[in-house]
Ligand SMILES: N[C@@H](CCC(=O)N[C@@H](CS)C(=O)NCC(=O)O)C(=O)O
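Presented below, as structure tokens, is a lone chain in the form predicted on its own.
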Amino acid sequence: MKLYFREVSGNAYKVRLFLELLKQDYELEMITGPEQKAPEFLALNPRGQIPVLVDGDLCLSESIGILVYLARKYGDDSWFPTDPVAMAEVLGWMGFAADEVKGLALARAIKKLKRPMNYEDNYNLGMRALNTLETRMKQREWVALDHVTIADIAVYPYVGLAPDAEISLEGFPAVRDWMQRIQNLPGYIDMPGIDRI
């Protein structure tokens, strides 16, 4: 198995983190920005985005889809349950990671990577995500179910990277407690920019 990866990418990190939590062997292929547009990489992912996971003859892109694949192929049902209600709950929070939490990712891209986008709109979306997550985590230990799932792995990186977007997590104690639970999982690995709680 090979993961095409950039150290600065929270989406690539969530796949790498999940591979580590699953204790899977994989090869890491670091990709630079220019390499993402090279014909060799575009043959793997015509959109030129990372992460990309190659597992035998299978080539997958998009972190959410990769997490689902890894959970089904290499994990047990706890990561991505087959029960329809539990599955819907996990997928709902994975949608939250792709939608509201995206505000944190884009605000970070503006501040850290100097991307030319509207900071205020993304800041507001990111703050809405953090407030939603804080309310949720005051009621429970894990985002979707009563145990860790791929929804937690999907939401975690860009929440943890919020300080890179000049968004403090100090006012979100329940979120910080949840982050600490993730950081205490066996196999957890760090990403530059995410502080240990």
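Numbering starts at 1 and runs along the sequence shown. Since the structure is predicted, the reported quantities are computational estimates derived from the model, not experimental observations.
Not on display, but discussed next: the form predicted together with this ligand.
Worksheet item: Pick from Ile50, Ala129, Leu70, Ala144: which has a non-hydrogen atom within 4.5 Å of this ligand in the predicted bound form?
Response: Comparing distances to this ligand in the predicted bound form, the residue within 4.5 Å is Ile50.
Worksheet item: Can Glu166 be called a contact residue for this ligand in the predicted bound form at 4.5 Å between heavy atoms?
Response: Answer no; every heavy atom of Glu166 is more than 4.5 Å from this ligand in the predicted bound form.
Worksheet item: Within a 4.5 Å heavy atom cut-off, is Arg6 in contact with this ligand in the predicted bound form?
Response: Yes, contact at 4.5 Å.
Worksheet item: Quick one: does Arg140 come within 4.5 Å of this ligand in the predicted bound form, counting heavy atoms only?
Response: Although this ligand is absent here, Arg140 would stay clear of it in the predicted bound form, with no heavy atoms inside 4.5 Å.
Worksheet item: Is Glu62 one of the residues lying within 4.5 Å of this ligand in the predicted bound form, judged by heavy atom distances?
Response: Contact with this ligand, yes.
Item to complete: Choose one stretch from 130-138, 145-153, 32-40, 166-174: the one whose residues place a heavy atom within 4.5 angstroms of this ligand in the predicted bound form.
Response: That would be stretch 32-40.
Practice prompt. Counting only non-hydrogen atoms and a 4.5 Å cut-off, give the residues of 152-173 close to this ligand in the predicted bound form.
Written response: The one in contact is Tyr158.
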